[in-house]
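Listed next as structure tokens is one chain, alone, in the form predicted alone.
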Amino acid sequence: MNSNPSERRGYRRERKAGHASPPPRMSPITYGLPVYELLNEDKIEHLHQASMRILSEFGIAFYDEESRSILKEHGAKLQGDVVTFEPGLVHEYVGKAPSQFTQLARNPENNIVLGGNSMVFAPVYGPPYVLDLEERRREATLADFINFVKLAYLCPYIHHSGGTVVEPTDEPVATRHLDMVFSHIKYSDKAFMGSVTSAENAADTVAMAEIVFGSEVVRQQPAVLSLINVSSPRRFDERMLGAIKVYARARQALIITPFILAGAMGPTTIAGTVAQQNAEALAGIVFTQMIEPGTPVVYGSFLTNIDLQSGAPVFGSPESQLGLYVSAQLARRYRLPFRGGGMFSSSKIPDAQAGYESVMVMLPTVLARTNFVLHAAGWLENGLVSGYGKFALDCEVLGMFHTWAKGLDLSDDSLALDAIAEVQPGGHHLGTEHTLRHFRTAFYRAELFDYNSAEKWQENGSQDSYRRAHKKVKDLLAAYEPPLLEPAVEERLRDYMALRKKAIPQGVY
């Protein structure tokens, strides 16, 4: 198969006569602002040394015999299921991971770089429920999954199709991963994430990616990015380890992310929780490099705290954002791409609480120059719900961050001294040549936010942003046109899915 991604059979540049143009797109953010760092180098080193003690003295449990054998073969020490790592071993193997890498997309124009100054936004991941356009909270379906893939494809500020944008509960558990991967390929041409619920599901994802991209191509650059969650505190379960082994051996990219709630799966202090998180993430990253040196990995953080009065997770808390800043600093210390943040909220609907909490998380996320932002749009109710209206509103804020992260343009045209000279004291700039040249693009304008007078707002129906968001979603889905997918590639994918659905026993979960 041809190794040139732009000539792959899964995507063609030419469009059929009369076919709609591709949706507008924005490249991932190239961060132009100073990176905010909470701690100086000495304090970051202090945290690092605390993590080294956790790894060398307390250890991490690996609940898989083959994984423990791999770790032992490469110099780690075992005591039952618990593995300990000497600092020199950690440094050696973390150093084998690339500092940045490119993930392929079906449309080569949507390839993404993870690492460096690049910031990539991906949609919500994992909720079993949706808040639909009739404001009903209900179980998610495959139709909802497809809708969110379409919305992510259409939003110019979402650069990645994501993974389990919702859990399609109307499909059998044992085979729904096939429908999810196929939907990302069929209804979008952006990069996508793979299944991690078992080694077999990971192998299916790799096989489907190979149908689209070619097996030789995906060994050179990954076509799949997958989320590996550490079962904090300090353990990797058999399913996650199985997925790691499959993806690492296929040289597909992995996000190693401890899922840690301070006060429950971590200490009630952010410093202790970050030290534990760092140890867990490093253990997973070391393991990937022991399997296949050079495997692309992302240092992941999913860190917040619980409400110690109710036991419920809290999103948008100030403590969790301190943890986000420090986690990003640690990732930079190891020269690894960083994943963190998102439009998190504990609110059940897109109300003021949802807006405040989401921005409370996303502002530090951007200030910390997070390379991959999962859950950048659609998250509600502690991650149990994907909200249609919340998705559209979040995308407006993502557009604002695209503008803000560029920093300040100090070019001659931006300083506009000719325009300033042209306008006399007490005059205005509304009619200058400079204004006429820039008026369409000078400032970001949020389509779903109202800037009119109260009288004009009332004349237009007194709609709040939630109502406008619902209309926007309906309009987008009604106007959606799929990206081209070569019929032969689609047929091979469907044939593969049909064979696997016959072969996979039901009720295995």
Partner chain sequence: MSEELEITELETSELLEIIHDCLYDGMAEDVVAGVKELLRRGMSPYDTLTQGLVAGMDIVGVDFRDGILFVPEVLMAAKAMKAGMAILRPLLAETGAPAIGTMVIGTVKGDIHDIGKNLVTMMMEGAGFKVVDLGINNDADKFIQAVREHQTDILGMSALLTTTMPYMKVVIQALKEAGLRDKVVVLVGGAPVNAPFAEAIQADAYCRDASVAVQTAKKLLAEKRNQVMVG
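Positions refer to the first chain, counted from 1. What you see is a predicted model; the values in this text were computed from it and never measured.
What comes next is about the form predicted in complex with the partner chain, which does not appear here.
- Contact with the partner chain in the predicted complex, judged by any heavy atom within 4.5 Å, is made by just one of 79, 424, 403, 310: 310.
- Interface residue among 249, 333, 437, 235 relative to the partner chain in the predicted complex, by the heavy atom within 4.5 Å criterion: 235.
- Only one listed stretch (364-372, 278-286, 405-413, 168-176) carries heavy atoms within 4.5 Å of the partner chain in the predicted complex, and that stretch is 168-176.
- When the partner chain is considered in the predicted complex, residue 128 lines it closely, a heavy atom lying within 4.5 Å.
- Taking non-hydrogen atoms only, residue 291 never approaches the partner chain to within 4.5 angstroms in the predicted complex.
- Though the partner is left out of this view, residue 239 does reach within 4.5 Å of the partner chain in the predicted complex, counting heavy atoms only.
- Using a 4.5 angstroms threshold between heavy atoms, residue 444 stays clear of the partner chain in the predicted complex.
- Against the partner chain in the predicted complex, the set 63, 139 and 265 is in full contact: each member has a heavy atom within 4.5 Å.
- In the predicted complex, 231 is the single residue of 210-234 with at least one heavy atom within 4.5 Å of the partner chain.
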